[in-house]
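Have a look below at one chain only, the form predicted on its own, in structure tokens format.
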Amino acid sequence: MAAVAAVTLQERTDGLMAGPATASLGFTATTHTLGNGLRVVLSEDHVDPVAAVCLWYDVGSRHERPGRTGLAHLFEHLMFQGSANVHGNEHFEFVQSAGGSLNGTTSFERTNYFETMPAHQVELALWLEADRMGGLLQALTEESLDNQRDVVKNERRQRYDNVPYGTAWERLVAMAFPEGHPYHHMPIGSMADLDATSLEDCRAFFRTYYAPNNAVLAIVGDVDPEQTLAWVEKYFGTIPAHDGKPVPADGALAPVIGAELRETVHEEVPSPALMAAYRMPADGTRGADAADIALTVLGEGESSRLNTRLVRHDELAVYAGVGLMRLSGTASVAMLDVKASGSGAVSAIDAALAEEFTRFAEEGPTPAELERAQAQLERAYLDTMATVGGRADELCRYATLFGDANLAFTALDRLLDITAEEVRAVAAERLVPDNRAVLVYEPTDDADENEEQVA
């Protein structure tokens, strides 16, 4: 049977504080399951003649085994290299020539693929996604693997290895999640593991994870549900399920790291920097929502506490921010980033951060700060849900990670229900010295020097 949920979201005024409702958006979603296990979420929206097709596979870097990191991200690229009836780059060509847009992304916990199309071209997008779900291996060759392996390695060079501070988050994640933990490595993977990946590794990975019973398909927009479901059944219904998916390694962790971990890196960077990672409550909990609000008060925007103190008042930094990377299978992570305004300022930044975090843990947010932070997060949520693509992605997210697509429609209610005391409490428990991995960057003029010291 199809599960149906309806919700009305109220948009607030664009002022600093949440004000009276000016408009409302009503959404419904139905969830259906095919015989092969594919979950299909439909949400009608006839305001504009467009529709989004979004497909989440329950596979990310946390599912990879040691020695083969980067496979999930590599597959994101391979999925655009042709399938049984689609050759080379034709997936891009078909979508773009039909007036649509498309992309894919990989994270620790999932890989997603999405198209936004003129409404009358939804069938094309469904056919394309089904063709590569059911027939990618027919087109996967050593040549296409080598080609995309080189693309991914070049992406790593451009985004991580050859840019200032480029490996900071990779280092911090490895510190916050211990060796052997499924979240210890970033989705980009290592050069050595990418080189070691074979064609048979890729075939086995695809057979294991790219199965309909390991996926959620959301179609949102100006569609006819009956016709759309008929197309889904026609193109996806004959793809066989696969029951051999291994259970991912346990992501359970202590709430706090237990002692500060600190490394100093000497590199050719524009200025000294202090970056840190803190373990926070897992996504899908009130604690994660409280942490999101706390970090918004502390580090989101020019009026945030850290920007006010470090950039505007003390002039110790040119940038200071902190935000939440939500993770459902383990602790979420607060990522702190402070770029110093001059040499020798890191110790002063560290002291100022300690003062601000301690004060916040003792006092919590003011009523005005709480309302402002919730309004900022509300606006971000409404911006996402206002587009068919954003809504499809959120429906897939909640179905994949939490088992219920309709939770996407009540996420804002849960966020606005968080109290100031919950915000203060999560800061007092988690934003503490023994729960942080710290990376300090010190500039060097020697381009050949790349020395890492453990303090």
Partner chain sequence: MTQTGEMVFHPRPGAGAAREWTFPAPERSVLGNGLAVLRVDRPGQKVVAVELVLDSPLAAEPTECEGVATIMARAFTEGTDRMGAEEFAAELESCGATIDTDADHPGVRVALDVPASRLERALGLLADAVRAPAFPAAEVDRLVRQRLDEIVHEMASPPRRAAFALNATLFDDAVRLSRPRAGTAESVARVDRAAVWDFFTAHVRPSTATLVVVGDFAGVDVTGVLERTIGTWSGSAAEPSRPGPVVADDHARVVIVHRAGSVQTQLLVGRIGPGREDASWPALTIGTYCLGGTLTSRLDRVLREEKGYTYGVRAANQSLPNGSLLAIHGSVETDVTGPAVADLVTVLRTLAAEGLTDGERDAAVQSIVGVAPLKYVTPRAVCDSLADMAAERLPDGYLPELYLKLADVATKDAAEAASGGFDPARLVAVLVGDADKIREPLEALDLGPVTVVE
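Residue numbers count along the first chain shown, from 1. Everything numeric here is computed off the predicted structure, so don't read it as measured data.
Below, we refer to the form predicted in complex with the partner chain, which is not included among the displayed structures.
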Practice item. Choose one stretch from 281 to 289, 169 to 177, 248 to 256, 143 to 151: the one whose residues place a heavy atom within 4.5 angstroms of the partner chain in the predicted complex. Key: 143 to 151
Point to revise | the partner chain contact in the predicted complex: residue 347, any heavy atom under 4.5 Å | key: no
Check your understanding: Are any of the heavy atoms in residue 44 no more than 4.5 Å from a heavy atom of the partner chain in the predicted complex?
Key -> no
Review point. Is residue 315 one of the residues lying within 4.5 Å of the partner chain in the predicted complex, judged by heavy atom distances?
Key: yes
Point to revise | Contact flag, residue 134 vs the partner chain in the predicted complex, heavy atom cut 4.5 Å | key: yes
**Study point:** Heavy atom of each of 36, 101 and 238 within 4.5 Å of the partner chain in the predicted complex
**Key:** yes
Check your understanding: Which of 351, 325, 204, 382 has a heavy atom within 4.5 Å of the partner chain in the predicted complex?
Key -> 382
Point to revise | in the predicted complex, the one of 263, 155, 224, 260 near the partner chain [non-hydrogen atom within 4.5 angstroms] | key: 155
Review point. Out of 112 to 148, which residues reach within 4.5 Å of the partner chain in the predicted complex, heavy atoms considered?
Key: 116, 117, 118, 120, 121, 123, 124, 127, 130, 131, 134, 135, 138, 147, 148
